[in-house]
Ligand code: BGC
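Let's start with one chain on its own, the form predicted on its own, as structure tokens.
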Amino acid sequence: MNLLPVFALSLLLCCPGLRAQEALKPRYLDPAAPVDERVEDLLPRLTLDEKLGLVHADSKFCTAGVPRLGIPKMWMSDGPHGVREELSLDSWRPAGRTDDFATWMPASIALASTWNPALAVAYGGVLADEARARNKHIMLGPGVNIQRSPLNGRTFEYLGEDPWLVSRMAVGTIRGMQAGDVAACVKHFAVNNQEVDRGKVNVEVDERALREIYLPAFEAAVREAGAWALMGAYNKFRGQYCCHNATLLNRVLKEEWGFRGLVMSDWGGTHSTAEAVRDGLDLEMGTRSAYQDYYLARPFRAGIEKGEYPLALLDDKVRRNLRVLFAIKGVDGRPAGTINTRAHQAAARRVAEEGMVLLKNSPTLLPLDLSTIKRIAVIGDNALRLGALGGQSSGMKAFYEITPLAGLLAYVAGRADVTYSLGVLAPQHQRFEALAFDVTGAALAPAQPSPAPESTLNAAELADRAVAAAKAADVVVFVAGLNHERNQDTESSDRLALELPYGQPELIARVAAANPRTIVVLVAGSPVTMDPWLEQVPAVLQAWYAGMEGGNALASILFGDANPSGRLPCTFPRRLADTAAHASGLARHYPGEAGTVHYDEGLLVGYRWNDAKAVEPLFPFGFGLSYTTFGYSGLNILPGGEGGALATVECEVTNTGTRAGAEVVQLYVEPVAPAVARPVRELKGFDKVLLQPGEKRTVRLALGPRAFSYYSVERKAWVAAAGEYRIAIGRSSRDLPLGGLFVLAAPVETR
């Protein structure tokens, strides 16, 4: 028998003072009361200054709170890949604490490459658990901006080029995060697709492209996942800054989508009190002035007192901020979080393994067999380069970081000789002083980085040593790629070219000529070109920025303990001119002309451009190899289905190889003779299935009205036109062995 309720009742009966105290408890402090009732009870208790304190920053990463009423400061953290290290209250300097190490998860682009929304839920759950442990109420992520240009410095922080894939992965991440009583802040709203001139460039894009390409992930975040916060972008949209943009924030987000949470500015993204008050901003962060001089502080107060702004506008902002705080139990006391647990590390490793994409394995070299290998040469700056702290706002202080070399050494464990050559001269960075890990990858102690000694060798000497090491080895693992230095994969600057830097292409070619058993591992967060070396090497693995367990995950893939199942979330072009934003070579299209960038390509972003223009990619969207093979058969297209589906598509997938493996079944919809301009085909469904050798499974994918729809500017609605649609299923956007027709008898309109 549970005696707790009996005890509680007895306590109330014998303690009338306690009963009176409970009866007098304000409604806003009652955890059982509905959120909106709590907000409305609290609102009239607040003074004007207390209200204002809730709508602008009180430090770099928090609001003021209302101590007299028990309302805490609302704390935020940068967090697409983990909880950022603590910073000083009033500057960007690290606080110098020793209790702010955290689990560094693989970059968002790696998560997208898993094509596994369930894994995204787990990813979000790790972020929430660690955020609670650090008393964070809002995590600034996920980032869902579409990859328009492969040069975008923040491509690694985002989820790819396709709205459907980005939406599915974002919804999973948000659900996982908010189930853990931490609000997700989806960013950057909207059309923030380049870092160059991001703080001032104006974006002009037509309404259909806006609705069909750039907004769907944000819409799904709000309408499906129930995201509690959105962050405005730095850039302008149709002439108005996105952090206070009447079209985006008031009309689309709050009126059309019914968003009830808060909109915060990016740090320094607010430019006007009048626009911030009237055009949708709810929380101002990072303005370069004293906190009481923020646009939504003293100037807002003065405007209210003069009658320029009705108090109702302030109250709406306060409601939205309080709504978030109550929804995540920020006033009531949330469950204690944990940080750097074995479970979190295991989740990081699983994302890293599932996200790595095998791009080439011909002739078959992978997986490696240690019984036939005596000497392994590891080459490349990225084999030892640390990545956790890089990238600016996405950087964090990892409890440990297993580099590619560390992971390979731990896996080989003396069964073969391993040599290492730097190979190239790159900007100095920090490396581990020692490999402080056991063979399972568990940290023996927080690893302390130290500056790498400056090499006394020049670039030519380093290259010669790498070639000599390759000649002496049975197999070469060349860990190439990018890093988080300026003009590479980092916030606030874009890449300058698609080619690998530091003379890596030429060195890879030399190494491959010296040893044809060369595997190229690409540690990078965005596409790169692969001339002149791609045809010379038998194997290429896209490893991305794979988080703190990345080295262990890499070893598992290379030696076959894990079967690669990642698929590209973005097209890898052969050259920059093969992409929509750069095809013309005009500044008008990138990075902008006279302060404005024009998205004249409209809907044709990523693989949509390749299909429409018959451009052959280096590697297509959705592409990825496996150590096994899969067969497709039995396509069946049925009308109707669960959840209001217009059609349900079935097919059978069989593992025809000798290893267990996961296949990503991708479904594309192709309108036949559309009355309006449409892309050739668009991803509208996918499923990742794990199959044992010889196992066959039926995959079912439901297609709702949006799968067939375009956005009608005239009707301000989504229209699925009557007519024929080809359903294509396969392994990538360019490998679709199954196809059939679906006929929509009557148009369907949705909003």
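On a predicted model such as this, the values are computed, not experimentally measured, just so you know. Each residue number is its position in the shown sequence, starting from 1.
This protein has a second form, the form predicted together with beta-D-glucopyranose (BGC), left out of what is shown; the following refers to that one.
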{"item": "Proximity to beta-D-glucopyranose (BGC) in the predicted bound form (heavy atom, within 4.5 Å), stretch among 77-85, 671-679, 401-409, 596-604", "value": "77-85"}
{"item": "Check all three, Arg148, Asp489 and Ser526, heavy atom within 4.5 Å of beta-D-glucopyranose (BGC) in the predicted bound form", "value": "no"}
{"item": "Heavy atom within 4.5 Å of beta-D-glucopyranose (BGC) in the predicted bound form - residue from Asp279, Asp181, Asp266, Asp578", "value": "Asp266"}
{"item": "One residue of Lys360, Arg175, Arg132, Arg198 in contact with beta-D-glucopyranose (BGC), assessed in the predicted bound form (non-hydrogen atom, 4.5 angstroms)", "value": "Arg198"}
{"item": "Gln194: touches beta-D-glucopyranose (BGC) in the predicted bound form, heavy atom cutoff 4.5 angstroms", "value": "no"}
{"item": "In the predicted bound form, Phe61 touching beta-D-glucopyranose (BGC) (heavy atom, 4.5 Å)", "value": "yes"}
{"item": "Touches beta-D-glucopyranose (BGC) in the predicted bound form: His344 (any heavy atom, 4.5 Å)", "value": "no"}
{"item": "Any non-hydrogen atom of Tyr234 within 4.5 angstroms of beta-D-glucopyranose (BGC) in the predicted bound form", "value": "yes"}
{"item": "Members of 178-195 lying within 4.5 angstroms of beta-D-glucopyranose (BGC), judged by heavy atom, in the predicted bound form", "value": "Lys187, His188"}
